[in-house]
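Starting off, we have a lone chain in the form predicted on its own, written out as structure tokens.
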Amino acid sequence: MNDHAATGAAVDDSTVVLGIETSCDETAVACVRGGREVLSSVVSSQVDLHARYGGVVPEIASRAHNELIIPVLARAMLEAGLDGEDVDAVAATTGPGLIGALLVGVSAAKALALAWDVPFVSVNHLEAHLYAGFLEDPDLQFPMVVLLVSGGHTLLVHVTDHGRYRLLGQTLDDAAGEAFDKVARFLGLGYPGGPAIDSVAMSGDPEAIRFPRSMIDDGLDLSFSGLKTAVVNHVRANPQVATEDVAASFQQAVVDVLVAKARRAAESTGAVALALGGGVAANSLLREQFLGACAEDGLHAFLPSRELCTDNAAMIASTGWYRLRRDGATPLDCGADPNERLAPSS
């Protein structure tokens, strides 16, 4: 039996949490000590499996997770130099995400927790993106605003302490990453759309087409559906337009809105730091203009490495450590919730 489980020792800097992430199309396992020290982080992407369909196919994703979870787990344990008796807790993403994919990771985590006689910890995928910053930036301070931008979510979150945050704004329709995917598919750039548009836009003129900046002056909620429609209508009306210019102009419109909203959120809350999170945080233009805005406003900026932008288990393990320290273990009858919301601790 693990020493922490046997003695009831407090969660501390020596506590090792194994994290499992299978919410969408990445099978990931990581080992993190003390909430911040990454001992291993292994991610197996399914991009090639889904690319031919132009998006993630849930059934294919869950089958792939079933096939990959054991070898990914073995590699993560090997790279960390650990075996079961060295792990103090097992954390897994319980939502939001694809239900079939989530169940693979949750089932594996519970089985390991039972076999190793250690606590199981439920982790919200969105909350984990908030914690990604603490893995790379020990100077990140509260209060801060996190701009979380991914394929399924676009959120502005005010974080005042570990487990204490409130939602400031969110997309009312398409998430930013979803808009990137849809526009890229329409332009014939392939999947995933974010990296494809980022690459093509580098040779385009971001001022060539003045696409709308929806709701840029209205509160902290966001909207990208109208922008996507504007791109489609413009290309259909101007079939000779350069794809590079469309991509660059579309990308500029998205980034203008994201950066403006993030700055407004920081100003309205008195935040001392702004952080990016989620897959779209890997976008070159967003990173550049986000950093510039923070410098102008005197805010501490956190830009995650591209490895931490995408779905990974290191952020799950880290969040699991903080959750275990604050709330204790999660009952094993906890299920997976594909629509789980970002709900802070009381």
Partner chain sequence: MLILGIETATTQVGCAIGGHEGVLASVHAAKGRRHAEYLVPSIEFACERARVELSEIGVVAVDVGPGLFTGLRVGVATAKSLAFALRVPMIGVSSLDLLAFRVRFSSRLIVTTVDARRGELYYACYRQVPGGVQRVTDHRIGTPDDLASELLASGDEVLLVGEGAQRYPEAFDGLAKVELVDTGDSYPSAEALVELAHARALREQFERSDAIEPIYLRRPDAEINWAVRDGR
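Positions refer to the first chain, counted from 1. Predicted model only: the values in this text are computed from it and were never measured.
As for the form predicted in complex with its partner chain, it is not shown, yet the points below apply to it.
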item: 4.5 Å heavy atom contact, residue 38 to its partner chain in the predicted complex; value: no
item: Partner proximity in the predicted complex: residue 310 to its partner chain, non-hydrogen atom cutoff 4.5 Å; value: no
item: Its partner chain contact at residue 83 in the predicted complex, heavy atom, 4.5 Å; value: yes
item: Touches its partner chain in the predicted complex: residue 47 (any heavy atom, 4.5 Å); value: no
item: Stretch in contact, per heavy atom within 4.5 angstroms of its partner chain in the predicted complex, of 73-81, 233-241, 135-143, 176-184; value: 73-81
item: Triple contact flag 264, 269 and 295 to its partner chain in the predicted complex, non-hydrogen atom at 4.5 angstroms; value: no
item: Interface residue in the predicted complex among 228, 110, 162, 213, criterion: non-hydrogen atom within 4.5 angstroms of its partner chain; value: 110
item: Its partner chain in the predicted complex - contacting residues of 57-75, heavy atom within 4.5 Å; value: 57, 59, 60, 62, 63, 66, 67, 70, 73, 74
